[in-house]
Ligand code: AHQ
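This document opens with one chain alone, in structure tokens, the form predicted on its own.
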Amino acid sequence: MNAADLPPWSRAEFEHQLRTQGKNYHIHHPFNVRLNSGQCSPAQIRGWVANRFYYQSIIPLKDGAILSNCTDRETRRRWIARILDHDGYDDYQGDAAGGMEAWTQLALAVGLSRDELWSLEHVLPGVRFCCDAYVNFARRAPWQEGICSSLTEMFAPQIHKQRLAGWPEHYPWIEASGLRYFRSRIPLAQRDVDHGLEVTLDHFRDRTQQQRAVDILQFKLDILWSMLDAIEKGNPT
């Protein structure tokens, strides 16, 4: 039976279907399991930090693309905070420096220099391809679909909490100040999830649309998983 022939899910069931996709989140990827259980070498950690930075760097581009397509003023007013979260705001000092600066502090803590991080010299082709595909999707998709693709944030607090709980024990050589990015994202992720769910649950109303939303979320999950595939193969030791 086609989705068009099925009744729509209730709002609660639709949210449940979206959250169920967490089983495919990259928290379960073998490389991430090793990373968060203390099984990665310093070189592998540096490789992950350098490559993941490319993803951090395209988030403002992705969010800007969503804004450029968005015709709803109130949504734009709320969504722009995501760009500021990563690029910084006010005097760009301390917490106001933004997520990309916080990730830079993580890079310094694991032994990368600022110049080599920002030069993107360590970014693998597979990681670049995945991230660029995500930005291209946000540029071309309706803004509601772009927002839906960001709902992987529903699953992010758990992975950050794992790192905060395990890394100080497993990798004591990493300065604790370098973990600030993970700590800062936990409350911000919940704020962003609340907004993203609101838009998604309001916009995708019939079963065909709702299934489309689930498929979009899976597409984003595939991007994150494929990034770790590339990092795992590109940083074997």
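Quick caveat, the model's predicted, so the values are computed rather than measured. Each residue number is its position in the shown sequence, starting from 1.
As for the form predicted together with the ligand, it is not shown, yet the points below apply to it.
Undergrad: Which of Arg128, Arg78, Arg163, Arg139 has a heavy atom within 4.5 Å of the ligand in the predicted bound form?
TA: Looking at the other structure, the residue within range turns out to be Arg163.
Undergrad: Should Asn69 be classed as touching the ligand in the predicted bound form when contacts are defined as heavy atoms within 4.5 Å?
TA: No, Asn69 stays farther than 4.5 Å from the ligand in the predicted bound form.
Undergrad: Would you check, heavy atoms only and a 4.5 Å threshold, whether Gln56 touches the ligand in the predicted bound form?
TA: Flag for Gln56 set to yes.
Undergrad: Hey, in the predicted bound form, is Tyr134 touching the ligand, heavy atoms inside 4.5 Å?
TA: Within the cut-off, so yes.
Undergrad: How about Tyr171 - does it come within 4.5 Å of the ligand in the predicted bound form, if we only consider non-hydrogen atoms?
TA: Heavy-atom contact with the ligand at 4.5 Å: absent for Tyr171.
Undergrad: Does the trio His26, Ala156 and Lys220 actually contact the ligand in the predicted bound form, every residue with a heavy atom within 4.5 Å?
TA: Result yes, every residue of the spot touches the ligand.
Undergrad: Specify the contacting stretch among 147-155, 88-96, 70-78, 108-116, defined as having any heavy atom within 4.5 Å of the ligand in the predicted bound form.
TA: So the stretch in question is 147-155.
Undergrad: Mind listing which residues of 170-195 have a heavy atom within 4.5 Å of the ligand in the predicted bound form?
TA: Residues within 4.5 Å: Tyr181, Arg185.
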